[in-house]
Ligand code: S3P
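A lone chain, given as structure tokens: the form predicted on its own.
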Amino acid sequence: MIHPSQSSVIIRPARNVTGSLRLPGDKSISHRYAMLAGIAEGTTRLENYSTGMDCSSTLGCLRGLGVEWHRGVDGVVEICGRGPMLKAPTEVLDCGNSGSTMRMLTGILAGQEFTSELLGDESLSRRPMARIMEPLSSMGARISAAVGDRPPLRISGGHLRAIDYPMPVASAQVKSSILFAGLFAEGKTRVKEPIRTRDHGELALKAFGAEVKIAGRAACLAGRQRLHGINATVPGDISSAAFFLCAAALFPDSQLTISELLMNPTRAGLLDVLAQMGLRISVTQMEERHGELVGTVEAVGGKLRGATVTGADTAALIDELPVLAAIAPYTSQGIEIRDARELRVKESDRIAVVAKNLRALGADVEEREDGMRIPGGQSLHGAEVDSQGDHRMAMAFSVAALRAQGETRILNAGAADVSYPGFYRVFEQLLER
């Protein structure tokens, strides 16, 4: 039995994954909707807003900036927008573990005529912020940071000028941060990506009434546009779905249905990869909501082959790579991941932590600077593994443990609450033993 209230959990082997579920709202969309709602005119009503701690950090920061919001007993979040000008905070704004909150909110704060400071927890305080500091400083904001361009950040905003910015590294968070700042700038702000990343920021801006022009990998918007509140339902988080889908992929007789799931083409690449690996996937009830595609995914187990993830696919699957790596030993051909150096500067060094934990379970892993190669056809045994406080590590190794021989103890398992409170309870309900 899994006890989610404990700091560690024990996962026992399973023989099948079956059932249906609807997931909490997508984190990426929840962050962006909440931030834009704060600077919109009127009230925004969000159903299925993410229950994760990261998205609660965004709401907490907004309250510190004078934005009133309320979460009802039905989970609906209502946010009363202040229009473009927020209130100067009276204390430091705490982003917790959320790099999304810090990076994207800094874009909005760059356009505010006051000074604010953003801090994070120990993990976030190790993550570099130069990627947003450089372009936002070019727009006219004054941003200072700790040694190594790491949090806390001190932002003195005000009059901004538009920029035409070719991004040196693909990052949807940085792209959204610059576009959000562009709302406060004189002229047209243009951002061009080296490879395509998730487009939730552009779609959210359009949903709130902004005009955003997309041409290839470039997005452009004019400053001084005013936003208006919306009523929206946040689609289920496809990054959270990855853990359940990968668990289903481990067993030939699995049958899993996930309803109301985000199907944005910039995020749904996981389904293509799992289908190529042998998981039988079908999508029904597809519809569009505020520019985002939503559908029901039905997954049936099959023989699990291998995969190679590289280039643009790596960028598109950056959040799902840890759990793909966690099931790699059970595939017939193994999994190779390249061009994923970004994993080293997430909540943990995810390349190193994945390699260490897989080896603890008895797997052979070739760790590389920008990825890893994990041979298939391996048999794993239960062991003690550590999430290192990283929510995706905790959940990924819960999946890996399902086909290991014996019990696996996951230390710091409570980190899963960062993105999915209640994960272990739902996970247990879908397992057959």
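Keep in mind that what you see is a predicted model, and the values were worked out from it rather than measured. Residue positions are given as counts along the sequence shown, with the first one as 1.
What comes next is about the form predicted in complex with shikimate-3-phosphate (S3P), which is not displayed.
* **Candidate stretches 280-288, 73-81, 313-321, 178-186, one within 4.5 Å of shikimate-3-phosphate (S3P) in the model of the complex by heavy atom** => Result of the contact check: 313-321.
* Quick one: does Ser156 come within 4.5 Å of shikimate-3-phosphate (S3P) in the model of the complex, counting heavy atoms only? -> Ser156 lies outside the contact set for shikimate-3-phosphate (S3P).
* Give a yes/no on whether Thr58 approaches shikimate-3-phosphate (S3P) to within 4.5 Å in the model of the complex, heavy atoms considered. => Answer no; every heavy atom of Thr58 is more than 4.5 Å from shikimate-3-phosphate (S3P) in the model of the complex.
* To do: Would you check, heavy atoms only and a 4.5 Å threshold, whether Glu342 touches shikimate-3-phosphate (S3P) in the model of the complex?
  => Within the cut-off, so yes.
* shikimate-3-phosphate (S3P) contact at Lys192 in the model of the complex, heavy atom, 4.5 Å -> The answer is no: Lys192 has no heavy atom within 4.5 Å of shikimate-3-phosphate (S3P).
* Pick from Leu93, Ala141, Ala172, Ala232: which residue has any heavy atom within 4.5 angstroms of shikimate-3-phosphate (S3P) in the model of the complex? -> The residue in contact is Ala172.
* Asked: Since exactly one of Lys356, Arg196, Arg131, Arg126 fits, which has a heavy atom within 4.5 Å of shikimate-3-phosphate (S3P) in the model of the complex?
  -> Here the answer is residue option Arg131.
* To do: For the stretch 20-47, return the residues whose heavy atoms include at least one within 4.5 Å of shikimate-3-phosphate (S3P) in the model of the complex, in the order they occur.
  => If the 4.5 Å heavy-atom criterion is applied to shikimate-3-phosphate (S3P) in the model of the complex, 20-47 yields Lys27, Ser28, Arg32.
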